[in-house]
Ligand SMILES: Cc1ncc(COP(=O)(O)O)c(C=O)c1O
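There is one chain below, alone, in structure tokens, taken in the form predicted on its own.
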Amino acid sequence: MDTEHGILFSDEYQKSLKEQFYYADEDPVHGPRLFFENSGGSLRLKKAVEAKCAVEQFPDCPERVRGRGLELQAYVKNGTKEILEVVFGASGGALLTELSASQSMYQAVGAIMENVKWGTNAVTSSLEHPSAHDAVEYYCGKTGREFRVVPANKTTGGIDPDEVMKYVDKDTCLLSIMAASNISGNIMDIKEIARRAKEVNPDIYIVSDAVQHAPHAVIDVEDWDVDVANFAPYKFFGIRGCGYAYVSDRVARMPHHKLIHKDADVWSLGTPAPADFAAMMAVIDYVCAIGEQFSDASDRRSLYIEGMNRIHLQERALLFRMLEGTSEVPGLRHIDRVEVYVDMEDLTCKDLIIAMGIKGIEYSECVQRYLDHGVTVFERLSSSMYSKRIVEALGIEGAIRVSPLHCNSTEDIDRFLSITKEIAESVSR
């Protein structure tokens, strides 16, 4: 099977998937639109929102051992198990829960760097989201360690394993590299980076921010051999207000914020939110249902893997179409005045995210022009604290980030290309 340029879902199946999301084609107030800003917060799965609403109606405490309390408790217990085993691919470790994925990253990095007494430095990359980058920098300052930053490959928009190894040595206690870039879409070779880092220092702790990658492809913490990985449900078809992180067995029992008399590997602090787990289980159900269309497997992890792989193939096909276009409409690579930043031929190393610009139009103005045409995208600028370090690391002043979702159709992509061509042609009029 040739998957270099992806494999599209059938039109009928794609439409059935889109119907499972709220407001996929229009905003109830602002009217019809293409929502191509899923990297800022993905389309919401209807069943995830409905599951949260249904569970939130009950006042019962999920820590009670009878009646409704037991039923609510089951959401937390089963949800914890499914997130660890099905989403993260973990057979051990513990689940860290916070109000956001950023908080979970700070908690995990802090626990490691405050408890590990050896090592004189910690390493991260120039492409990291501020929550991952700043967590390492903050705890380097707090623990008196050298803070090292691996530069980006300005051609691919990624972090090269060879470059990482220039910064890792036997005294590196922690290495934090994201799974995929939230601006370039480049997928990092976390498994190879971890393997080579552990050849230098077998005791090193490996952290990977998987927030951007989780909605597009499989996370496998055991195959990657990492100690920490996190994701945000609101960027993964789900809800806001919660973030989840996997911590390995050796991290799970480190001293951390918890009630004193709880077990050593418990990372939840306070009464859990069953509705949040119910919503995430609805997302897992959705992905597994896609897997069932293409696999006879019966276990949840296998179905989840198949579902995410099919999502990834669908998105690669949409990405190829967006870049190359068709005989009817040119792709971004072929529209005059359009620039595709950190572009690369090998799309197997990319998630469905494009960083682009149109010559002659300032990024914010261009985003507004797209909005005037019913397209929602977003600008990442050097003037933003969230983007400055990253866009400068890529050698650009900014970018328009375009991020569709697997439930989008080829017609959606073609419409976007036609609008882009119209905006680009308006510059020279």
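Predicted model only: the values in this text are computed from it and were never measured. Don't overthink the numbering: it's just position in the shown sequence, from 1.
Although not depicted, the form predicted in complex with this ligand is the subject of the following passage.
Shown without its partner, this chain lists 115, 295, 156, 100 as candidates; in the model of the complex, only 100 has a non-hydrogen atom within 4.5 angstroms of this ligand. With the partner removed from view, the residue among 312, 235, 301, 321 that has a non-hydrogen atom within 4.5 Å of this ligand in the model of the complex turns out to be 235.
Note that among 86 to 94, 253 to 261, 208 to 216, 160 to 168, the stretch whose heavy atoms approach this ligand to within 4.5 Å in the model of the complex is 208 to 216. Proximity of residue 178 to this ligand in the model of the complex falls within the 4.5 Å heavy atom cutoff.
Of the heavy atoms in residue 131, some are within 4.5 Å of this ligand in the model of the complex. For residue 182, a non-hydrogen atom is located within 4.5 Å of this ligand in the model of the complex, even though that partner is not displayed.
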